[in-house]
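First, one chain by itself: the form predicted on its own, in structure tokens.
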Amino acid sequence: MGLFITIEGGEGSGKSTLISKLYNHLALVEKREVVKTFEPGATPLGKSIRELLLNQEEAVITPKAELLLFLADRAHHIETVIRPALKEGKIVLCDRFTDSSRAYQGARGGIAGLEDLCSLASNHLTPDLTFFLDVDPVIGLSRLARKKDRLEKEKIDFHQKVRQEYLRLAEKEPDRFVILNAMHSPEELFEAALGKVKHELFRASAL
């Protein structure tokens, strides 16, 4: 079985930079078999779902419908990309996973059975290691140079709630979560994350 690592965080936290640095080092320097992927939209089906979720500005999506669209993307992503790679013993680096749904849809509030629905979609697949890049949403959103998508355009209060949901999840599962201060430089974040990844790889090889 491979190693499943997820990178989580709010908008502008530096997830894409960190995951690229980890991939380049593990795949190109250490010559390990690594799959770099993301949610939503890593599969052909997922691309269509992503378009509905993030780029259809005129569409009104209710919280439960939003959640179910994300979960449909995840269920397909797991079955077609993540589990096959893990079964082949590869390292899977995923930009967002179940914790994104728990944080973002949790911040919406009022979605009954959120945890059960997330477990159903993931078929109880849990990352071995999760990095949460923590940054004040005001700072994170100010880093975005491109046009903002539907979620990024949410009011700052929503993004603050998302951050608090992430911190709550990290406190609840300290053995899996590693909180990284996203105000640090990309190189500092990479070095800190790589140290944790190497520890996890050593621990897995000793089992």
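Predicted, not measured: the structure shown is a model, and the values here were computed from it. Throughout, we count residues from 1 along the sequence that is shown.
There is another form of the same protein, the form predicted together with thymidine-5'-phosphate; it is not shown, and what comes next is about it.
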- Check whether F132 has any heavy atom within 4.5 Å of a heavy atom of thymidine-5'-phosphate in the model of the complex, and answer yes or no. no
- Using the partner position in the model of the complex, report whether R50 sits within 4.5 Å of thymidine-5'-phosphate, counting heavy atoms only. yes
- Query: Would K15 count as touching thymidine-5'-phosphate in the model of the complex under a 4.5 Å heavy atom rule?
  - Reply: yes
- Message: If we define contact as a non-hydrogen atom of the residue within 4.5 angstroms of the partner, is L167 a contact of thymidine-5'-phosphate in the model of the complex?
- Response: no
- Query: Is thymidine-5'-phosphate close enough to T6, D128 and I179 in the model of the complex that each of the three has a heavy atom within 4.5 Å of it?
  - Reply: no
- Task: Heavy atoms, 4.5 Å, thymidine-5'-phosphate in the model of the complex: which of 95-103, 78-86, 119-127, 132-140 makes the cut? Say which one.
- Result: 95-103
- Message: By the heavy atom within 4.5 Å rule, which residue out of L54, A65, L45, A27 makes contact with thymidine-5'-phosphate in the model of the complex?
- Response: L54
- Query: Though the partner is not shown here, which residues of 21-51 have a heavy atom within 4.5 Å of thymidine-5'-phosphate in the model of the complex?
  - Reply: E39, P40, R50
